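Following this are structure 1 and structure 2, which are two forms of one protein chain, each written alone as structure tokens.
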Structure 1
């Protein structure tokens, strides 16, 4: 579709708008996700996918809950096709078979091609409905916490972290309501497993401005193991991160900051006419008629003055 974008000429205004909306943008929309069920799924997988949908604050979800007999790690063309159709760049694929029971694949696309794909096996799963507790309202932007040094050292874990942030962070907002900070998603990498827990935070009075936090588990909770991975090559990964030039902040000239954050401006002065300077009048210095007084007019370079603002 991207190849032909310039050639497909929309015939109506509406289709033009539609195509414009799909075209690459300078500031991108919130990423959308498609949730897919594979050819065979277990009860656990179905429930897990449903729970993730409720927990996930991605607003635009495409649920492809019919059986999609595809194996993303072997052939990703059908995924790419769906991604193009639905304009989604994140996907979650659940499947279940003997070799890899209770399998979920988190993945993301760049330019409608698979960038990263990470396969996780669910070892233990507690559903949202299994835990009897009052839940967060849907669409709450969650606080994401990653714990464990593996997320910082291991390459695969690093990518997984980035992927999970992408998946769960929800819309980018400029401000949030303080009382609405309710939902916490906590990922812990420990002993080769990844523990995903979902909590509701209770803001208790602490006597200070900042409240004390108590957590209450609301589910779903997963114990996950890392299985196969498909990570983008460094080149592609870098390319995907490239920011357009227009978004980069332009450097402002003549302004600098020192270590303490004090702002300095550089001002270019015009040449001053010293002959008109009002000084103390003295009889000896008075201009005489006819007498040529050599005025000092050596070419002064424009002085650069330091002005603190």
Structure 2
């Protein structure tokens, strides 16, 4: 490939296919994530990264488990280089030092530049192997639950919620069967800490059509504390969420949808003439053939003409 005035021109068909795959699309591919280890790591960080890889087992991951001597908050050039090389838009970086022990950094890219980075410290960790319970099958799409007022009010927690959804949501599917909804990831924000728990939902008999649901903890379990953040500006964040006009649904007149996706239509009709409305024929509503003669003013009954038979 040759580069001229910032435009890369392919020389071979293989390089042309490569550039076409990297080119912007109306519907982007599933987001991929880099799992990276820093220069110094602990056993807790190594095991935590492995467990997160197991939770996201069939999602698109690019593992860089060798030591990467880099500090993302001081210099993010190496992260942007690896992102462009591997075509990854998410990353998880684990490190350990005396000042910030058991440190993990969740981040995402926009146009191969760092958009958001949030640093979390692991205060308590329980691995998958420490909890003796049957695990979910690999590739199970998790259900994400966020509890806590901070996820709705605090700006940093809002960005963290969006980042965790991007990281753990997995591929977009059109339909999910009921038996496949068995993995639950629960995030709780309470008193400045974030608790991450992983459960397996069990469908029990309830005596009716709707099953009774029980949750069984399967791990991993994290107690996290928020440390440093690097958030994009509102203008850049809005630009990253912009959608092409071809994907925006055209608004149809007199058609609306509710929060559950049910379609409602409004029909406009002309004014109806109720006098011509056909009703049920009853004996008491029939019209008489002869006219009714009103009573005289003196109160005498009207005379009835005699008819000879």
Partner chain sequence: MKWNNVAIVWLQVELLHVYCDPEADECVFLPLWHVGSRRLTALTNMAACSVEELLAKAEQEEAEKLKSISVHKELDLEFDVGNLLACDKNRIEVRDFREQKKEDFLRSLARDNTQLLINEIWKQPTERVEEAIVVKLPESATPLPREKPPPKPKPPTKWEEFAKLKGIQKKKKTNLVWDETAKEWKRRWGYKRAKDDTKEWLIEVPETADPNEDQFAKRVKAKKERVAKNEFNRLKNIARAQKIKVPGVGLTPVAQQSKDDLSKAVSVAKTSTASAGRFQDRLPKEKPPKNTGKRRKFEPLIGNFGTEKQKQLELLKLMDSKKPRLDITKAVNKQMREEDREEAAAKYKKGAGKKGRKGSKAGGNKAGGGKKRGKPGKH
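In this text, rigid core is short for the largest set of C-alphas that superpose within 1.5 Å between two forms. If you're wondering where the values come from, they're calculated on a predicted model, not measured in any experiment. Positions refer to the first chain, counted from 1.
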Form predicted alone, given as structure number | 2
Core-aligned, is the CA shift for residue 28 between the two structures 2 angstroms or more?
-> no
Does superposing the core leave residue 241 with a CA shift of 2 Å or more between the two structures?
-> no
Any CA movement of 2 Å or more for residue 99 between the two structures, core superposed?
-> no
Distance moved by the residue 264 C-alpha between the two structures (core-aligned, Å) | 10.1
In Å, how large is the C-alpha displacement of residue 253 between the two structures after the rigid core is aligned?
-> 5.8
